[in-house]
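First comes one chain, alone, set out as structure tokens in the form predicted on its own.
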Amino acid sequence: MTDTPTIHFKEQALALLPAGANFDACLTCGLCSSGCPASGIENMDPRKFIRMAMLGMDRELSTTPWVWCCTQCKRCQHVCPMSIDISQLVFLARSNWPRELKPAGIVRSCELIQATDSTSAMGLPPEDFVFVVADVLEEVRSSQPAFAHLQAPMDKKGAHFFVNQNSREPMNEPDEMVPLWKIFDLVGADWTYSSKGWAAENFCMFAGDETAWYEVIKKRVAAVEELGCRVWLNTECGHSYYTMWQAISRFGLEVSFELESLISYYARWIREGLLPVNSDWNRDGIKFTVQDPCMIVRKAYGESIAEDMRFVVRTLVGEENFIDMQPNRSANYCCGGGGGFLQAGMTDHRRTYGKRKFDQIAATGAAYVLTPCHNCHSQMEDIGHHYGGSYGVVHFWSLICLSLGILGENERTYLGPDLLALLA
């Protein structure tokens, strides 16, 4: 069996300490461990990880499977009085594992991302993506007269928005792309897909493969620059924004475009009157809550995008029908879907991690969870089924189009009977 090299974790931990912080004052408050849903899995938690590093237990830390259970959500750093970033030690540990010992699902997703110019973790090549988009577009134009004019531009030079797409839609749920196209049409957005570098997801970062992470981002940056777009607009996918934004900084890449989230633009278009949504459709008072994806809230935008999400949700469902999870915003718990956990094959551990999120959702009594993140979406669906929950999980684009009365019959995959009844 391949051996795992040993890392000198104390040395690395000391190098990560913020100015003025020291480990002599650490290990006492326990906030990091109490706030971490991965605490206890594989008999490990953030405080124990640091304590073992200080004791020189490098072999144990270099081989513990816990580093694949930690989603690197940074909640431990968020609550730490000294802002110690344990996730960086976890990334280092993941990077150190021999490729053949890493979780095969994460490694395979990274390999597929590198296999085509699409950078798709499902291996969907450019020509297939182009075909799927054209095929779905033709179907919408022919079956929905109000959208006979609908456009889904491909490789449009000089478009304002370069729009990425999570591979799950074109690969498995192609009709789920349509509500987004309708929103762009309604607001008059100047946008395009690209046949190259269009995919959103990036599991190379989760695999701890820094070289592959860099190569994937470089390919995506080149695709945006080639079309001359001004804004790389991230879809409802949490980690895709963070992997792009963090990589540009980490690897010193020069770009001539801005990175923005679709959530911020939903809020902007509603405020500007371009998306005339309201909550009149919610006549039965169906309750909703919202999940804050770690990758775009705590790890990237912070409170601003959390507030944008809540503005959009309240406008869509009604102030009285929105129930926030506790805690929320940057303090919210990770659901356990990110960090490659969904691809790691550690199902029991992942569901154990997700129990805290399930309990959070159940406490709200909400019938639906809205979240702009595919990993959150899949994880919350799974733990809901596993623990006997009764809630559904929906995309923002679905609810926006429902409110506007333009959600097509094939675009209702995640609506439960109560929402479907409103459309009957």
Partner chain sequence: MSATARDHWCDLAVIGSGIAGFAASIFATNRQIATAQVGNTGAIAYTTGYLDLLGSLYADPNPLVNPWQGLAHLRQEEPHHPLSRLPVELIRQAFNEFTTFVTNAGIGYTPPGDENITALTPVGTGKQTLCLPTTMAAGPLALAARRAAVIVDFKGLKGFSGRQVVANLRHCWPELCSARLTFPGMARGEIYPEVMARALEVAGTRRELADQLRQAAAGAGCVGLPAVLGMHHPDRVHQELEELSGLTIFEIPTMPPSVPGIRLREMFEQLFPQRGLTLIPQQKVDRLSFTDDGPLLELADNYGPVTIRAKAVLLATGRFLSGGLVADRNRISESLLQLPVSQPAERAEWYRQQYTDRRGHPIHRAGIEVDDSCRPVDRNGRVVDPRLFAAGVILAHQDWIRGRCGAGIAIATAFRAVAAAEQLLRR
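Here the structure is a predicted model, which means the values were calculated and not measured. Numbering follows the first chain given and starts at 1.
What follows is about the form predicted together with its partner chain, which we do not show.
Inset, instruction - Report the residue, out of Arg220, Lys299, Lys182, Arg350, that has at least one non-hydrogen atom within 4.5 angstroms of its partner chain in the predicted bound form. - result: That would be Lys299.
Legend entry - Contact residue in the predicted bound form, from Pro276, Pro98, Pro81, Gly228 (heavy atom within 4.5 Å of its partner chain): Filtering the options by heavy-atom distance leaves Pro81.
Inset, instruction - Would you please decide whether Gln326 lies within 4.5 angstroms of its partner chain in the predicted bound form, comparing each non-hydrogen atom pair? - result: Judged by the heavy-atom cut-off of 4.5 Å, Gln326 is in contact with its partner chain in the predicted bound form.
Inset, instruction - Using the partner position in the predicted bound form, report whether Met52 sits within 4.5 Å of its partner chain, counting heavy atoms only. - result: Judged by the heavy-atom cut-off of 4.5 Å, Met52 is well away from its partner chain in the predicted bound form.
Inset, instruction - May I ask you to state whether Tyr333 is within 4.5 Å of its partner chain in the predicted bound form, using heavy atom distances? - result: Within the cut-off, so yes.
Legend entry - Contact flag, Thr211 vs its partner chain in the predicted bound form, heavy atom cut 4.5 Å: No - in the predicted bound form, heavy atoms of Thr211 and its partner chain never come within 4.5 Å of each other.
Legend entry - Proximity to its partner chain in the predicted bound form (heavy atom, within 4.5 Å), stretch among 334-342, 71-79, 139-147, 183-191: Answer to the contact question: 71-79.
Inset, instruction - Between 134-170 and its partner chain in the predicted bound form, list the residues on our side with a heavy atom within 4.5 Å. - result: None of them.
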